[in-house]
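Below you'll find only one chain, the form predicted on its own, shown as structure tokens.
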Amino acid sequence: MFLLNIVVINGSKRKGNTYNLIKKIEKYYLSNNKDISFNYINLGEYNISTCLGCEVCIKSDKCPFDTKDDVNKIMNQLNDSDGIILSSPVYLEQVSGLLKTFIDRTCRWFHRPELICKPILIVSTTASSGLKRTTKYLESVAVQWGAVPVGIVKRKVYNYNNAFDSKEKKVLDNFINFNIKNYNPSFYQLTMFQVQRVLANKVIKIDKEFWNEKKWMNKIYYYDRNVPYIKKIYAKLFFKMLNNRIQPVKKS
């Protein structure tokens, strides 16, 4: 079954090389299935305030800017999607400042993930270097949101106009046909899940309530039916070790 509602985060103020690569991906999909909709969020067109680092969103699930800018609107669109394309050009070996500002504002999702097992396709372009560092960071963000990074499409200056090769087509097909029931989470995903689980268990009350409500507190991953035995053992041992080390936060 195809994903029907794809939300695209364009992390550039311009509609340049990265945007054009996404349009090329859209054309590839639409040539095979006309029912897919692409909804673009060009971050440069939104009001996104810089995170204050006040931790109010972590402790209360609210932000001082909730009614003053567009971040909640963007987060709701991501929540309502079937899949996400997360993109950024490389700026000084990393994502754009615009995208990083938005990501900082999603901090509550590390503690109380909302994009559970949504597939995320990473897209990035560069004039020279930094692709590996940038795409790796975006993959880690996807995992901390509770989503699944299913692959990367990237370009450098010398191959901007290249057609998709067989490997890239496989990535694109895996994204649009993603089914969590067939997914085997990585060791990194299992590790981050255990870190978030320990924080919920020992540190922040609102996290614990959220995780208990979702019935994740005794799991090793959001969906664990396809997790191999060796990974299950690893996840259980890692949780036990970390949970024993972290002391509960005492109420003042």
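Every value quoted in this text rests on a predicted model; they were computed, and no experiment measured them. All residue numbers refer to positions in the sequence shown, first residue = 1.
The next section is about a form of this same protein that is not shown, the form predicted together with a small molecule.
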key: Contact stretch among 87-95, 71-79, 176-184, 105-113 - heavy atom within 4.5 Å of the small molecule in the predicted complex   = 87-95
request  = May I ask you to state whether residue 14 is within 4.5 Å of the small molecule in the predicted complex, using heavy atom distances?
outcome  = yes
key: 4.5 angstroms heavy atom contact with the small molecule in the predicted complex for residue 164   = no
ask   = Heavy atoms within 4.5 Å of the small molecule in the predicted complex: does residue 126 have any?
value = yes
